[in-house]
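Look below for two forms of one protein chain, each set out as C-alpha coordinates: first structure 1, then structure 2.
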Structure 1
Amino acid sequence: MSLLDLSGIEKSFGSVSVLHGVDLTVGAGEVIGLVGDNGAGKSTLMKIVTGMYQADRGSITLEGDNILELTPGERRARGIEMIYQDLALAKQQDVASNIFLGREPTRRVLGMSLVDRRKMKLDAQKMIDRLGAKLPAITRPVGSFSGGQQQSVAIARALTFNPKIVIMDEPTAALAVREVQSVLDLIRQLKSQGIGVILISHRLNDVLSVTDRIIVLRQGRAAANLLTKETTMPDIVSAIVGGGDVMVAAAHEAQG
(Lines of atoms letter the chains of each structure in order from A and count residues from 1; the text may use other names and numbers.)
(Lines give C-alpha, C1' and ligand atoms only; values in the text may rest on other atoms or scores of the structure.)
Protein backbone atom coordinates (compact mmCIF):
# COMPACT_ATOMS: atom_id res chain seq x y z
CA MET A 1 0.00 0.00 0.00
CA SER A 2 1.24 3.50 -0.86
CA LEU A 3 1.81 6.02 1.87
CA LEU A 4 0.07 8.78 -0.10
CA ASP A 5 -2.32 8.04 -2.95
CA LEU A 6 -3.96 10.63 -5.21
CA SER A 7 -6.48 9.35 -7.74
CA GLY A 8 -8.38 11.23 -10.44
CA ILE A 9 -7.70 14.70 -9.01
CA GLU A 10 -9.54 17.45 -10.89
CA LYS A 11 -9.55 21.18 -10.17
CA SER A 12 -11.01 24.21 -11.91
CA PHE A 13 -11.00 27.89 -11.01
CA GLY A 14 -14.17 29.31 -12.51
CA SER A 15 -14.15 28.34 -16.19
CA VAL A 16 -10.42 27.53 -16.18
CA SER A 17 -9.68 23.83 -15.78
CA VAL A 18 -6.26 23.35 -14.14
CA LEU A 19 -6.03 19.64 -13.26
CA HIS A 20 -7.55 16.83 -15.31
CA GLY A 21 -7.69 13.54 -13.43
CA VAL A 22 -4.18 13.40 -11.97
CA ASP A 23 -2.94 10.21 -10.27
CA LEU A 24 0.12 10.20 -8.00
CA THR A 25 1.48 7.80 -5.39
CA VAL A 26 4.31 8.14 -2.86
CA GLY A 27 5.72 5.29 -0.81
CA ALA A 28 7.43 5.49 2.59
CA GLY A 29 11.03 6.55 2.07
CA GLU A 30 10.39 7.28 -1.62
CA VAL A 31 11.51 10.53 -3.26
CA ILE A 32 9.23 11.68 -6.09
CA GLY A 33 10.24 14.46 -8.47
CA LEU A 34 7.36 16.63 -9.69
CA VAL A 35 8.35 18.57 -12.80
CA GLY A 36 6.69 20.53 -15.60
CA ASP A 37 6.48 23.96 -17.15
CA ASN A 38 5.09 26.93 -15.26
CA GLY A 39 1.32 26.61 -15.28
CA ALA A 40 1.40 22.82 -15.58
CA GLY A 41 -0.47 22.48 -12.26
CA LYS A 42 2.32 21.47 -9.85
CA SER A 43 1.59 24.07 -7.17
CA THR A 44 -2.17 23.58 -7.44
CA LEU A 45 -1.77 19.82 -7.02
CA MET A 46 0.41 20.22 -3.93
CA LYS A 47 -1.97 22.76 -2.39
CA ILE A 48 -4.70 20.16 -2.83
CA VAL A 49 -2.51 17.63 -0.98
CA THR A 50 -1.97 20.06 1.93
CA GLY A 51 -5.65 21.06 2.00
CA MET A 52 -5.17 24.71 1.00
CA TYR A 53 -7.34 23.96 -2.04
CA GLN A 54 -10.20 21.49 -2.26
CA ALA A 55 -10.26 19.10 -5.21
CA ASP A 56 -13.39 19.17 -7.37
CA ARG A 57 -13.15 15.42 -7.96
CA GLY A 58 -10.90 12.55 -7.00
CA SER A 59 -9.61 10.96 -3.83
CA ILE A 60 -6.62 11.39 -1.51
CA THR A 61 -5.63 8.76 1.02
CA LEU A 62 -2.80 8.77 3.57
CA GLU A 63 -1.89 5.31 4.83
CA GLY A 64 -5.18 4.12 3.39
CA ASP A 65 -7.34 6.69 5.19
CA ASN A 66 -9.37 9.25 3.24
CA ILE A 67 -8.11 12.77 4.10
CA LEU A 68 -10.04 14.71 1.45
CA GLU A 69 -12.33 16.36 4.01
CA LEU A 70 -9.58 17.22 6.50
CA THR A 71 -8.45 20.82 7.07
CA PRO A 72 -4.82 21.87 6.42
CA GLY A 73 -4.14 21.71 10.17
CA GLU A 74 -5.61 18.23 10.44
CA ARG A 75 -3.56 17.05 7.48
CA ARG A 76 -0.43 18.47 9.04
CA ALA A 77 -1.24 16.64 12.27
CA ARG A 78 -1.60 13.45 10.22
CA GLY A 79 1.91 13.92 8.78
CA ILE A 80 1.84 16.12 5.66
CA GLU A 81 4.38 18.97 5.70
CA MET A 82 5.18 21.47 2.96
CA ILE A 83 8.28 23.65 2.85
CA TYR A 84 7.57 26.62 0.60
CA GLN A 85 10.11 28.34 -1.60
CA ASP A 86 10.21 31.43 0.64
CA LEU A 87 10.80 29.12 3.68
CA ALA A 88 8.62 31.39 5.92
CA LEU A 89 11.43 31.86 8.43
CA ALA A 90 11.60 34.66 11.01
CA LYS A 91 14.97 36.01 9.86
CA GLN A 92 15.73 38.01 13.04
CA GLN A 93 15.10 35.00 15.30
CA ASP A 94 17.59 32.25 16.14
CA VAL A 95 17.37 28.61 15.07
CA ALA A 96 15.45 27.35 18.12
CA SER A 97 12.90 30.17 17.90
CA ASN A 98 12.24 29.33 14.24
CA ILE A 99 11.97 25.59 14.75
CA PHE A 100 9.42 26.00 17.56
CA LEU A 101 7.70 29.16 16.30
CA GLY A 102 4.19 29.21 17.76
CA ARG A 103 4.77 25.92 19.61
CA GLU A 104 7.34 26.96 22.19
CA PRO A 105 7.79 24.52 25.11
CA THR A 106 6.91 26.08 28.48
CA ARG A 107 7.62 25.51 32.16
CA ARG A 108 5.82 26.69 35.28
CA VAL A 109 7.64 29.21 37.48
CA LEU A 110 5.85 30.61 40.54
CA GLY A 111 2.52 29.75 38.96
CA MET A 112 3.40 31.43 35.67
CA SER A 113 3.95 29.75 32.31
CA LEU A 114 7.29 30.78 30.80
CA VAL A 115 9.01 29.74 27.57
CA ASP A 116 11.56 27.04 28.35
CA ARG A 117 14.51 28.42 26.36
CA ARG A 118 16.88 25.68 27.54
CA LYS A 119 14.58 22.90 26.34
CA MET A 120 14.03 24.75 23.05
CA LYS A 121 17.76 24.98 22.44
CA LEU A 122 18.41 21.33 23.34
CA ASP A 123 15.52 20.03 21.21
CA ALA A 124 16.51 22.27 18.29
CA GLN A 125 20.04 20.89 18.42
CA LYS A 126 18.63 17.33 18.41
CA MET A 127 16.69 18.10 15.22
CA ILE A 128 19.74 19.60 13.53
CA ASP A 129 21.83 16.58 14.58
CA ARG A 130 19.13 14.20 13.32
CA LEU A 131 19.44 15.82 9.90
CA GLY A 132 23.21 15.86 10.00
CA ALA A 133 23.02 19.53 9.02
CA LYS A 134 25.97 21.86 9.52
CA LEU A 135 25.11 25.25 11.02
CA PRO A 136 27.60 27.85 12.35
CA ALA A 137 25.68 28.34 15.63
CA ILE A 138 22.05 27.75 16.52
CA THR A 139 22.05 30.93 18.63
CA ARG A 140 22.56 33.16 15.58
CA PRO A 141 19.69 34.82 13.67
CA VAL A 142 18.79 32.62 10.71
CA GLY A 143 18.92 35.69 8.45
CA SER A 144 22.70 35.58 8.82
CA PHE A 145 22.84 32.04 7.40
CA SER A 146 23.42 31.01 3.80
CA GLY A 147 20.51 29.82 1.67
CA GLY A 148 21.37 26.16 2.19
CA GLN A 149 21.66 26.63 5.95
CA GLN A 150 18.25 28.30 6.02
CA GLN A 151 16.85 25.30 4.13
CA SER A 152 18.30 23.11 6.91
CA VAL A 153 16.38 25.11 9.51
CA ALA A 154 13.14 24.87 7.52
CA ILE A 155 13.54 21.10 7.16
CA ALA A 156 14.37 20.73 10.87
CA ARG A 157 11.19 22.67 11.70
CA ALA A 158 9.18 20.29 9.49
CA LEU A 159 10.71 17.31 11.31
CA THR A 160 9.32 18.50 14.66
CA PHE A 161 5.84 17.65 13.32
CA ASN A 162 6.95 14.02 12.78
CA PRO A 163 5.97 14.11 9.10
CA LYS A 164 5.26 11.10 6.94
CA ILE A 165 5.37 13.21 3.74
CA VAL A 166 7.49 16.32 3.14
CA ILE A 167 6.75 18.44 0.06
CA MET A 168 9.63 20.72 -0.98
CA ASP A 169 9.01 23.59 -3.39
CA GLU A 170 12.13 24.50 -5.40
CA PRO A 171 14.52 23.99 -2.45
CA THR A 172 17.67 24.44 -4.56
CA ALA A 173 16.48 27.21 -6.89
CA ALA A 174 18.63 30.05 -5.52
CA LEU A 175 21.58 28.09 -4.15
CA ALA A 176 25.23 27.80 -5.16
CA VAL A 177 26.45 24.41 -6.37
CA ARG A 178 28.05 23.42 -3.05
CA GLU A 179 24.87 24.35 -1.18
CA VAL A 180 22.74 22.36 -3.61
CA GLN A 181 24.61 19.17 -2.70
CA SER A 182 24.02 19.89 0.99
CA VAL A 183 20.25 20.17 0.46
CA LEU A 184 20.16 17.03 -1.70
CA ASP A 185 21.96 15.21 1.12
CA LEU A 186 19.24 16.42 3.52
CA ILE A 187 16.60 14.95 1.18
CA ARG A 188 18.49 11.64 1.21
CA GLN A 189 18.52 11.81 4.99
CA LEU A 190 14.70 12.18 5.07
CA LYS A 191 14.45 9.20 2.72
CA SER A 192 16.67 7.11 5.00
CA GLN A 193 14.29 7.82 7.88
CA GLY A 194 11.34 6.43 5.92
CA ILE A 195 9.83 9.83 5.11
CA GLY A 196 8.25 10.24 1.68
CA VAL A 197 9.43 13.33 -0.21
CA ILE A 198 7.83 15.19 -3.12
CA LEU A 199 10.41 17.45 -4.76
CA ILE A 200 9.08 20.22 -7.00
CA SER A 201 11.97 21.51 -9.10
CA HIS A 202 12.96 23.01 -12.42
CA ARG A 203 16.55 21.83 -11.86
CA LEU A 204 16.37 18.51 -13.66
CA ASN A 205 19.92 17.48 -12.71
CA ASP A 206 18.91 17.70 -9.04
CA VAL A 207 15.77 15.69 -9.71
CA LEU A 208 17.72 12.98 -11.54
CA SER A 209 20.32 12.75 -8.76
CA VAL A 210 18.01 12.32 -5.76
CA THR A 211 14.63 10.86 -6.80
CA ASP A 212 13.26 7.34 -7.23
CA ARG A 213 10.53 8.33 -9.69
CA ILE A 214 9.69 11.44 -11.69
CA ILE A 215 6.15 12.62 -12.43
CA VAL A 216 5.84 15.06 -15.34
CA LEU A 217 2.79 17.32 -15.32
CA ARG A 218 1.80 18.86 -18.63
CA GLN A 219 -1.29 21.02 -19.04
CA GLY A 220 -2.84 19.60 -15.88
CA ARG A 221 -2.24 15.96 -16.71
CA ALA A 222 0.33 13.42 -15.53
CA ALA A 223 2.09 13.04 -18.87
CA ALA A 224 4.82 10.71 -17.58
CA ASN A 225 5.62 8.49 -14.62
CA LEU A 226 9.31 7.64 -14.95
CA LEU A 227 11.66 5.38 -13.02
CA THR A 228 14.63 7.68 -12.41
CA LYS A 229 17.28 4.98 -12.82
CA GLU A 230 15.93 4.26 -16.32
CA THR A 231 15.44 7.90 -17.30
CA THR A 232 17.64 10.45 -19.08
CA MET A 233 17.43 14.23 -19.30
CA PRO A 234 16.06 14.06 -22.89
CA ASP A 235 13.28 11.71 -21.68
CA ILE A 236 12.14 14.30 -19.12
CA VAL A 237 12.41 17.26 -21.50
CA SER A 238 10.47 15.34 -24.15
CA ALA A 239 7.67 14.62 -21.69
CA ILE A 240 7.60 18.24 -20.47
CA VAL A 241 7.33 19.75 -23.96
CA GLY A 242 5.09 17.03 -25.35
CA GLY A 243 7.42 15.16 -27.67
CA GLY A 244 5.64 11.87 -27.10
CA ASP A 245 4.15 10.71 -23.81
CA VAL A 246 6.26 8.30 -21.82
CA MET A 247 4.41 6.10 -19.38
CA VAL A 248 6.39 3.58 -17.33
CA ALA A 249 3.84 1.20 -15.93
CA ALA A 250 6.53 -0.62 -13.97
CA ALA A 251 7.04 2.47 -11.86
CA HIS A 252 3.90 1.68 -9.91
CA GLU A 253 5.36 -1.74 -9.13
CA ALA A 254 8.61 -0.20 -7.87
CA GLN A 255 7.07 0.45 -4.48
CA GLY A 256 6.65 -3.25 -3.91
Structure 2
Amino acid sequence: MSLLDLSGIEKSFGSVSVLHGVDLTVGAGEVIGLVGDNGAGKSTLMKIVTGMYQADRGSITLEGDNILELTPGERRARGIEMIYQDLALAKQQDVASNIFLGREPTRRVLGMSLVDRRKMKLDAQKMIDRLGAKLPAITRPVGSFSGGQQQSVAIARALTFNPKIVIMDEPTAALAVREVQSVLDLIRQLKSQGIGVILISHRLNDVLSVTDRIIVLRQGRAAANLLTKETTMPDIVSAIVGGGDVMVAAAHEAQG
Protein backbone atom coordinates (compact mmCIF):
# COMPACT_ATOMS: atom_id res chain seq x y z
CA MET A 1 0.00 0.00 0.00
CA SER A 2 1.40 3.35 -0.94
CA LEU A 3 1.43 6.29 1.42
CA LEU A 4 -0.43 8.72 -0.80
CA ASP A 5 -2.54 7.70 -3.74
CA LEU A 6 -4.17 10.09 -6.21
CA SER A 7 -6.24 8.77 -9.04
CA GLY A 8 -8.24 10.37 -11.80
CA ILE A 9 -7.91 13.90 -10.40
CA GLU A 10 -9.80 16.45 -12.51
CA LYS A 11 -9.98 20.15 -11.86
CA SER A 12 -11.14 23.17 -13.76
CA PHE A 13 -11.38 26.82 -12.80
CA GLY A 14 -14.57 28.04 -14.43
CA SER A 15 -14.19 27.23 -18.11
CA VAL A 16 -10.42 26.66 -17.83
CA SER A 17 -9.75 22.96 -17.46
CA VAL A 18 -6.40 22.47 -15.73
CA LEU A 19 -6.18 18.80 -14.73
CA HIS A 20 -7.92 16.01 -16.59
CA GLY A 21 -7.37 12.72 -14.84
CA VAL A 22 -4.03 12.71 -13.05
CA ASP A 23 -2.75 9.62 -11.23
CA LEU A 24 0.13 9.76 -8.78
CA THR A 25 1.41 7.61 -5.94
CA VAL A 26 4.02 8.22 -3.29
CA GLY A 27 5.43 5.51 -1.06
CA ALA A 28 6.93 5.92 2.39
CA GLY A 29 10.51 7.14 2.06
CA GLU A 30 10.03 7.81 -1.61
CA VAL A 31 11.04 11.12 -3.20
CA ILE A 32 8.96 12.11 -6.21
CA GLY A 33 9.87 14.91 -8.57
CA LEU A 34 6.90 16.71 -10.09
CA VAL A 35 7.88 18.75 -13.12
CA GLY A 36 6.17 20.50 -15.99
CA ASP A 37 5.86 23.81 -17.75
CA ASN A 38 4.67 26.99 -16.10
CA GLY A 39 0.93 26.62 -15.74
CA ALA A 40 1.01 22.84 -16.19
CA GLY A 41 -1.01 22.45 -12.97
CA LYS A 42 1.63 21.27 -10.49
CA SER A 43 0.69 23.69 -7.74
CA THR A 44 -3.01 23.12 -8.40
CA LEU A 45 -2.59 19.36 -8.04
CA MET A 46 -0.73 19.72 -4.77
CA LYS A 47 -3.26 22.19 -3.37
CA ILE A 48 -5.88 19.55 -4.06
CA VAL A 49 -3.83 17.17 -1.93
CA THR A 50 -3.66 19.62 0.99
CA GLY A 51 -7.34 20.50 0.69
CA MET A 52 -6.86 24.13 -0.31
CA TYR A 53 -8.70 23.33 -3.55
CA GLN A 54 -11.47 20.80 -4.08
CA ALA A 55 -11.05 18.33 -6.91
CA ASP A 56 -13.96 18.09 -9.36
CA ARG A 57 -13.45 14.35 -9.70
CA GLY A 58 -11.04 11.68 -8.54
CA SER A 59 -9.93 10.13 -5.28
CA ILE A 60 -7.19 10.75 -2.74
CA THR A 61 -6.16 8.28 -0.07
CA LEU A 62 -3.55 8.55 2.65
CA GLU A 63 -2.43 5.17 3.98
CA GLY A 64 -5.56 3.70 2.43
CA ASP A 65 -7.98 6.16 4.08
CA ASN A 66 -10.07 8.40 1.89
CA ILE A 67 -9.18 11.99 2.82
CA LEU A 68 -11.23 13.78 0.21
CA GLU A 69 -13.79 14.96 2.75
CA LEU A 70 -11.24 16.29 5.26
CA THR A 71 -10.54 20.00 5.80
CA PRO A 72 -7.03 21.41 5.26
CA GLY A 73 -6.56 21.44 9.04
CA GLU A 74 -7.55 17.78 9.39
CA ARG A 75 -5.27 16.74 6.53
CA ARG A 76 -2.42 18.61 8.18
CA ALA A 77 -3.16 16.79 11.41
CA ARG A 78 -2.93 13.50 9.45
CA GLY A 79 0.60 14.41 8.42
CA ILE A 80 0.34 16.15 5.06
CA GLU A 81 2.52 19.25 5.04
CA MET A 82 3.20 21.59 2.16
CA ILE A 83 5.66 24.39 1.56
CA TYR A 84 3.76 26.71 -0.74
CA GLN A 85 5.31 28.43 -3.71
CA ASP A 86 4.14 31.79 -2.36
CA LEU A 87 5.35 30.67 1.11
CA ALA A 88 2.06 31.59 2.82
CA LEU A 89 3.63 33.31 5.81
CA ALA A 90 2.02 35.86 8.12
CA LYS A 91 4.50 38.65 7.48
CA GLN A 92 3.86 40.79 10.55
CA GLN A 93 4.20 37.87 12.96
CA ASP A 94 7.47 36.47 14.26
CA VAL A 95 9.17 33.20 13.36
CA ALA A 96 7.68 31.18 16.21
CA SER A 97 4.14 32.39 15.47
CA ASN A 98 4.53 31.31 11.86
CA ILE A 99 6.05 27.93 12.56
CA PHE A 100 3.35 27.10 15.10
CA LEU A 101 0.45 28.79 13.31
CA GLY A 102 -2.66 26.68 13.81
CA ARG A 103 -0.89 24.39 16.28
CA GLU A 104 0.24 26.65 19.09
CA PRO A 105 1.20 24.73 22.23
CA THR A 106 -0.81 25.87 25.24
CA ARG A 107 -0.46 25.75 29.00
CA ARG A 108 -3.13 26.27 31.61
CA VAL A 109 -2.98 29.42 33.69
CA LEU A 110 -5.79 30.00 36.20
CA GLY A 111 -8.06 27.73 34.19
CA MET A 112 -7.36 29.56 30.95
CA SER A 113 -5.59 27.87 28.12
CA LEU A 114 -2.87 30.29 27.02
CA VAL A 115 -0.35 30.02 24.22
CA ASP A 116 3.02 28.87 25.56
CA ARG A 117 5.21 31.53 23.94
CA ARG A 118 8.34 30.36 25.69
CA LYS A 119 8.07 26.78 24.44
CA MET A 120 7.22 28.09 20.97
CA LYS A 121 10.35 30.24 20.87
CA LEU A 122 12.61 27.47 22.16
CA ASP A 123 11.26 24.88 19.72
CA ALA A 124 11.33 27.36 16.84
CA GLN A 125 14.97 28.17 17.56
CA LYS A 126 15.80 24.45 17.70
CA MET A 127 14.14 23.82 14.36
CA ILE A 128 15.90 26.79 12.74
CA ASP A 129 19.24 25.57 14.10
CA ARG A 130 18.58 22.05 12.83
CA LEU A 131 17.99 23.45 9.36
CA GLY A 132 21.16 25.46 9.66
CA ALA A 133 19.24 28.54 8.57
CA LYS A 134 20.68 31.96 9.24
CA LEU A 135 18.04 34.33 10.59
CA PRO A 136 18.72 37.77 12.10
CA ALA A 137 16.46 37.19 15.13
CA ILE A 138 13.53 34.89 15.58
CA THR A 139 11.55 37.56 17.41
CA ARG A 140 11.40 39.76 14.29
CA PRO A 141 8.42 39.83 11.94
CA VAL A 142 9.22 37.45 9.07
CA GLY A 143 8.30 40.17 6.56
CA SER A 144 11.60 41.86 7.42
CA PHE A 145 13.58 38.78 6.29
CA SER A 146 15.11 38.13 2.88
CA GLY A 147 13.33 35.78 0.48
CA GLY A 148 15.65 32.91 1.35
CA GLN A 149 15.29 33.44 5.07
CA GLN A 150 11.51 33.43 4.67
CA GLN A 151 11.83 30.20 2.74
CA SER A 152 13.69 28.68 5.68
CA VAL A 153 10.83 29.66 7.97
CA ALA A 154 8.32 28.04 5.61
CA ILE A 155 10.41 24.86 5.54
CA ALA A 156 10.72 24.84 9.33
CA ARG A 157 6.96 25.15 9.60
CA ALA A 158 6.44 22.09 7.43
CA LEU A 159 8.90 19.91 9.33
CA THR A 160 8.12 20.72 12.96
CA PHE A 161 5.18 18.37 13.42
CA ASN A 162 6.50 14.98 12.27
CA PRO A 163 4.85 14.91 8.86
CA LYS A 164 4.24 11.69 6.91
CA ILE A 165 4.47 13.42 3.60
CA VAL A 166 6.06 16.75 2.71
CA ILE A 167 5.17 18.58 -0.49
CA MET A 168 7.69 21.21 -1.53
CA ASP A 169 6.64 23.68 -4.20
CA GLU A 170 9.81 25.34 -5.47
CA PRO A 171 11.52 25.24 -2.06
CA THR A 172 14.88 26.28 -3.47
CA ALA A 173 13.71 29.07 -5.76
CA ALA A 174 15.04 31.86 -3.53
CA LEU A 175 18.03 30.08 -2.02
CA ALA A 176 21.76 30.56 -2.43
CA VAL A 177 24.00 27.68 -3.54
CA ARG A 178 24.86 26.44 -0.07
CA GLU A 179 21.26 26.66 1.16
CA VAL A 180 20.08 24.72 -1.90
CA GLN A 181 22.48 21.93 -0.94
CA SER A 182 21.18 21.89 2.60
CA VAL A 183 17.59 21.59 1.35
CA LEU A 184 18.64 18.67 -0.87
CA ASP A 185 20.41 17.08 2.11
CA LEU A 186 17.27 17.65 4.11
CA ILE A 187 15.21 15.83 1.51
CA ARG A 188 17.58 12.84 1.71
CA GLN A 189 17.30 12.96 5.49
CA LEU A 190 13.47 12.95 5.29
CA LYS A 191 13.67 10.00 2.93
CA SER A 192 15.82 8.06 5.37
CA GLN A 193 13.21 8.68 8.06
CA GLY A 194 10.55 7.08 5.87
CA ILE A 195 8.84 10.35 5.02
CA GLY A 196 7.38 10.71 1.53
CA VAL A 197 8.47 13.81 -0.36
CA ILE A 198 7.06 15.47 -3.46
CA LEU A 199 9.47 18.00 -4.90
CA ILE A 200 8.27 20.51 -7.45
CA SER A 201 11.16 22.29 -9.09
CA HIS A 202 12.25 23.82 -12.35
CA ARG A 203 15.87 23.06 -11.44
CA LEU A 204 16.04 19.73 -13.22
CA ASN A 205 19.55 18.98 -11.98
CA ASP A 206 18.31 19.10 -8.40
CA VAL A 207 15.34 16.92 -9.31
CA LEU A 208 17.62 14.36 -10.97
CA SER A 209 20.02 14.26 -8.05
CA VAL A 210 17.55 13.77 -5.24
CA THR A 211 14.44 11.96 -6.49
CA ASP A 212 13.52 8.30 -7.00
CA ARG A 213 10.86 8.93 -9.58
CA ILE A 214 9.87 11.85 -11.78
CA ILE A 215 6.33 12.63 -12.89
CA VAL A 216 5.92 15.02 -15.79
CA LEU A 217 2.69 16.98 -16.03
CA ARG A 218 1.72 18.11 -19.50
CA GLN A 219 -1.66 19.31 -20.77
CA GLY A 220 -3.38 18.29 -17.56
CA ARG A 221 -2.11 14.70 -17.58
CA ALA A 222 0.79 12.81 -16.08
CA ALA A 223 2.56 12.59 -19.43
CA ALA A 224 5.48 10.56 -18.10
CA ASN A 225 6.39 8.55 -15.03
CA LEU A 226 10.15 8.01 -15.08
CA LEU A 227 12.50 6.10 -12.78
CA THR A 228 15.19 8.66 -12.01
CA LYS A 229 18.12 6.28 -12.20
CA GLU A 230 17.12 5.25 -15.73
CA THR A 231 16.44 8.81 -16.82
CA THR A 232 18.57 11.48 -18.43
CA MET A 233 18.07 15.18 -18.79
CA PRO A 234 16.91 14.96 -22.45
CA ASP A 235 14.19 12.44 -21.48
CA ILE A 236 12.70 14.83 -18.97
CA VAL A 237 13.00 17.85 -21.21
CA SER A 238 11.29 16.14 -24.10
CA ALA A 239 8.50 14.95 -21.82
CA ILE A 240 8.00 18.49 -20.54
CA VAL A 241 7.98 20.28 -23.87
CA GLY A 242 6.46 17.35 -25.75
CA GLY A 243 8.48 17.27 -28.96
CA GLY A 244 9.39 20.42 -30.87
CA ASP A 245 12.69 22.02 -29.99
CA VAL A 246 13.77 19.21 -27.74
CA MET A 247 17.38 19.20 -28.83
CA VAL A 248 17.87 22.91 -28.27
CA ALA A 249 16.15 22.87 -24.88
CA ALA A 250 18.02 19.76 -23.76
CA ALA A 251 21.37 21.16 -24.80
CA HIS A 252 20.62 24.30 -22.85
CA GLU A 253 19.63 22.38 -19.72
CA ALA A 254 22.70 20.15 -19.99
CA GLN A 255 24.91 23.23 -19.80
CA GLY A 256 23.08 24.52 -16.71
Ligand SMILES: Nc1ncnc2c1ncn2[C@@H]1O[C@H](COP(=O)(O)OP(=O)(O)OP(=O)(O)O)[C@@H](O)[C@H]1O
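Structure 1's sequence is the ruler for residue numbers, which start at 1. Definition used throughout: the rigid core is the maximal C-alpha set that superposes within 1.5 Å between two forms. Model, not experiment: these values are computed from the prediction.
Chemist: Would you check which of the pair is the form predicted alone?
Modeler: The form predicted alone is shown as structure 1.
Chemist: Based on the rigid-body movement between the two structures, can you say which of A173, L68, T160, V115 lies at the hinge?
Modeler: So the residue at the hinge between the two structures must be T160.
Chemist: Report the rigid-body rotation angle of the smaller part versus the larger between the two structures, as an integer number of degrees.
Modeler: 25 degrees is the angle the smaller part turns through.
Chemist: What does the CA of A154 shift by between the two structures after fitting on the core? Give it in Å to one decimal.
Modeler: Taking the core as reference, the C-alpha of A154 is shifted 3.7 Å.
Chemist: Looking at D94, what is the CA displacement between the two structures after core superposition, in angstrom?
Modeler: Spelling it out: core superposed, C-alpha of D94 shifted, distance 7.2 Å.
Chemist: By how many angstrom does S144 shift at its CA between the two structures when the core is held fixed?
Modeler: With the rigid core fitted, the alpha carbon of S144 is displaced 9.1 Å between the two structures.
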